[in-house]
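Okay, here we've got a single chain as structure tokens, the form predicted on its own, with questions on binding and movement later.
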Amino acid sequence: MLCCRKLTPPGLLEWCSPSEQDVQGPQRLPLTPGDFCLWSHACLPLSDTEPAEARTGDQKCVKCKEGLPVVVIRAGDAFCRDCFKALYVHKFRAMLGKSRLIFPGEKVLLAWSGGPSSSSMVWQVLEGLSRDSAKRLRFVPGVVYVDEGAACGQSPEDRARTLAEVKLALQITGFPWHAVALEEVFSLPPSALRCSAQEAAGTEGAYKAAVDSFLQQQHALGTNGVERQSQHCAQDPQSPAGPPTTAQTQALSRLFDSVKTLTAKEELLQTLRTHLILHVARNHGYSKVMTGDSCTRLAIKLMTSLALGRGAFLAWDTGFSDERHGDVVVVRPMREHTLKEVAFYNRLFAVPSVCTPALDTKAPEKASIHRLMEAFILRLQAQFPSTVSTVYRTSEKLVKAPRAGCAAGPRCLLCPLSSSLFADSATAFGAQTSHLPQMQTPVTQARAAAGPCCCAGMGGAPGCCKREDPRAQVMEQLSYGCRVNMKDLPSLELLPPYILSEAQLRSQRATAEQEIREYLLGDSEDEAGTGES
């Protein structure tokens, strides 16, 4: 649960744990992070320009030692308005600068949900591209918004009202924008799940060469080269996709209504949203995707992933960059900002946002693992202010397992990680997939229940024909965490067609490889034959 703000005796802005009355919305139901996007603004004082003498006394800003503080970030760290903005902007720029992952002139897609963190991220990019910025950003941005109203049970009228607000906010930025509905996952091609070849990471020399080339190009275009480039980018045609069809909306509603638990619903929503954003990025030539995950959100995500059996994914789920999708890299430039800092910045500098209900809006604390872990972390943070930073710094120490490109072994159908990352016999996934005679995987049990294959007596491979269980086809290609979530989905036939088609294609390819494996020469046999000749 997010915390609300109160006025302390000196008059500074500090963080407090909300009381039971503060966190109850209409019908006395508890508010959720989506509601606090608006609730935090309602709890703030109407004016931030009260007389400084009455508010702060003799206290001064800890950085400039001159300005009157208006924000307390940590105990004893009071900042004036200008110093707080400089600190906030520096965190964002430093996170992008030290990584050197985004090259000048590269197209970057900003994933905007309308919430505080993603709105602040878009605002930082907008200010970083302005002429008044000291160190201007050099990439070419675009914005994508995913309408999840059908999955959250919104009425068509509410969705249309929200979409109108979203379009107005996106047009103000001047960036090319793409508003897509979540129902469009039912029209994605199977190639959306395939990992394209990833380009080799650029060295420091390559980055410097790209910067020099970009500066020369801008110098040749003249002083207004960047502005002309931005205007040309803003005039690009937007996504021509119209409103989703009624059949797609009904299919998405049936899918989420059939999921038994809120935990599985949130994981499924996150998966489908990621697939859709990556598809938009590939179709429009974006090589990077920026998300607004804050430090607090990543700390909660780390603990939630551990509880969901996704420990092998932590380095990708919480790190600055996520390269597991191949040709599109996901980056998190807001990972040094806490939710407290984001709320203060948005309030002080009037950053616009659009509040929409989420799946867990007004849900009780124990409704899902995500809500329970969020309440646990934020309650600890209220009592021990170093909780979030401790968990976050722990995530920074996680090292990604080395992988040799996208073709290194089978990959999970939903979260594209190689199964070699979690196939160790000491893990739960490894225990399920081990070849011990006393254990059978869910796939083996499903095939056994389906009976013998019709081609078994004719020399065909077991499970090669129509008798193979469709559920087994999908389950055998999932990681442990995804497999646990899919158990709460009674029928996998309700999944979008691109998932089922890709699962069938991979299963057929695996069967064909198994049939011809005995006729192939191994590396050792090939070398031996070469030596004899």
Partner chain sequence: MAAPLSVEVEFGGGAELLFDGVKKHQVTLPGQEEPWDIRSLLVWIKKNLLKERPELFIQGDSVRPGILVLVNDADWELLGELDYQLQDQDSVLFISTLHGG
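Residue numbers count along the first chain shown, from 1. Remember, it's a predicted structure, so these values are computed and weren't measured experimentally.
Keep in mind the form predicted together with the partner chain is missing from the figure; the text below concerns it.
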(message) Only one of 98-106, 322-330, 117-125, 145-153 has heavy atoms within 4.5 Å of the partner chain in the predicted bound form; I'd like to know which.
(response) 117-125
(request) Spell out, yes or no, whether the shortest heavy atom distance between residue 395 and the partner chain in the predicted bound form is within 4.5 Å. (result) no
(request) Decide whether residue 304 counts as a contact residue for the partner chain in the predicted bound form under a heavy atom distance cut-off of 4.5 Å. (result) no
(request) Verify the contact flag for residue 379: yes if a non-hydrogen atom of it lies within 4.5 Å of a non-hydrogen atom of the partner chain in the predicted bound form, no if not. (result) yes
(message) Even though the partner isn't displayed, in the predicted bound form is residue 357 close enough to the partner chain, meaning a heavy atom within 4.5 Å?
(response) yes
(message) Only one of 314, 391, 166, 363 gets a heavy atom within 4.5 Å of the partner chain in the predicted bound form. Which one?
(response) 363
(request) Work out which of 411, 371, 337, 265 lies within 4.5 Å of the partner chain in the predicted bound form, going by heavy atoms. (result) 371
(request) Could you run down 257-282 and flag each residue that has a heavy atom within 4.5 Å of the partner chain in the predicted bound form? (result) none
